[in-house]
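Shown below, as structure tokens, is a lone chain in the form predicted alone; questions about how it binds or moves come after it.
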Amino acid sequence: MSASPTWSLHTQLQKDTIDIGDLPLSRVLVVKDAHYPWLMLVPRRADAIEIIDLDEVEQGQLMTEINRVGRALKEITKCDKLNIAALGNVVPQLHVHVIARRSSDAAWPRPVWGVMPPLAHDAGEVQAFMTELRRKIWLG
């Protein structure tokens, strides 16, 4: 699967994330908030706002990618719970959050949005995390 010719990452997502690489359908990103191990999948389809905007094959591929990323995130972080959500209330471009949660995190048991200001990642720690994640989700 290749990107739609007119696809580009929404400017707010560019600002808030670090690019890890591309799976067959989705760009994989790390959200710039060290409070939570937080990934995002963005299907590379122009004008996709809702999951239902993808055709059935793409919907299946998105679920495969959510599963792959979620399993890897859970294995790496040993989290208590995964939160997986496609909201799009602020950024309309279709994107799926995959967040590793711990009962000891700052927002538990509430959703993570707006609880704490984003915390910058330690450069070495986020690089090590991304290297391990790339290996586990077959990005190299």
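In this text, residue numbers run from 1 along the sequence as written. Because the structure is predicted, anything quoted here is derived from the model rather than measured.
There is another form of the same protein, the form predicted together with a further copy of the same chain; it is not shown, and what comes next is about it.
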message: Each of 15, 34 and 42 having a non-hydrogen atom within 4.5 Å of a further copy of the same chain in the predicted bound form: is that the case here?
response: no
- request: Examine residue 47 and determine whether its closest non-hydrogen atom to a further copy of the same chain in the predicted bound form is within 4.5 angstroms.
  value: no
field: 4.5 Å heavy atom contact, residue 83 and a further copy of the same chain in the predicted bound form
entry: yes
- prompt: Using 4.5 Å between non-hydrogen atoms, is residue 59 touching a further copy of the same chain in the predicted bound form?
  reply: yes
query: in the predicted bound form, does residue 101 have a heavy atom within 4.5 Å of a further copy of the same chain?
result: yes
task: For the stretch 103 to 127, return the residues whose heavy atoms include at least one within 4.5 Å of a further copy of the same chain in the predicted bound form, in the order they occur.
output: 108, 109, 110, 111, 113
